[in-house]
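Presented as structure tokens, the chain that follows is alone, the form predicted alone.
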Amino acid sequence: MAYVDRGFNSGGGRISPTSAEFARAGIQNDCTLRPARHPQHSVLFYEGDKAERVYELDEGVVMLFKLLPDGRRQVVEILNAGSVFGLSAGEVYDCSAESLTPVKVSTLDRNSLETSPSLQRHVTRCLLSQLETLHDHAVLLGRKSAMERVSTFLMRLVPNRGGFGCVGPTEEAGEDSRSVTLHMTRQEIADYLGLTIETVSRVISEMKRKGLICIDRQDQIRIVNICRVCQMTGMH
């Protein structure tokens, strides 16, 4: 298992890891943390590399993906700050990790994790959240239509909306909109949702035509009516 994260943002009900957890455990156990910055589209590790390190994402966005022998790609997950990844049950990583934005990550030797009860408790909490993510993504890939998949993807970019305990619209004027930054190309979105790039573009155009979204920039979409898009996720 290479990642432990619930969603794209601090909302959505996921258990948010504590960004200072590695640092505290490192001090307590005299471990060596290696913080580093990487530019956009840097590969942090490849599938099949020796899984010698565990990573904590301090800043930025990271994409985890797997490649099939014929070159097709499946994006496993998109991680935001606070996520722990690079965990593996075996000796090698089961997927690749690439930065979608400039990132800051802290790395820790795997042996340090295996001998640190504090870090093990931290990872266990994260794994509970990971199970929910795996279940949600299995439903998305196995049962949802193209419109439901794209709507679900957009809703995961809106903090505190769409999940259990959704706060609903808060604007006094009745406006229920929000601009979201994608950090992903249409092809990367397609690889995450299990669709073709043509289908993703068609669905986005249809949502725009229905007045559900506006395209502010290539990498930014304004959701005009969050509740209406939420209702199109297939979860209500």
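Heads up: residue numbers just count along the shown sequence, starting at 1. As the structure is a computational prediction, the values presented were derived from the model and not from experiment.
Omitted here: the form predicted together with a further copy of the same chain. The next part is about that form.
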Partner contact for K144 in the predicted complex: a further copy of the same chain, 4.5 angstroms, heavy atom: yes
Find out whether any non-hydrogen atom of S106 is located within 4.5 angstroms of a further copy of the same chain in the predicted complex, and reply yes or no. no
Taking heavy atoms only, is A190 within 4.5 angstroms of a further copy of the same chain in the predicted complex? yes
Partner proximity in the predicted complex: S129 to a further copy of the same chain, non-hydrogen atom cutoff 4.5 Å: yes
In the predicted complex, do E56, H183 and C214 all reach within 4.5 Å of a further copy of the same chain through at least one heavy atom apiece? no
Within 68-96, which residues come within 4.5 Å of a further copy of the same chain in the predicted complex, counting heavy atoms only? L68, P69, R72, R73, Q74, V76, E77, L87, S88, A89, G90, D94, C95
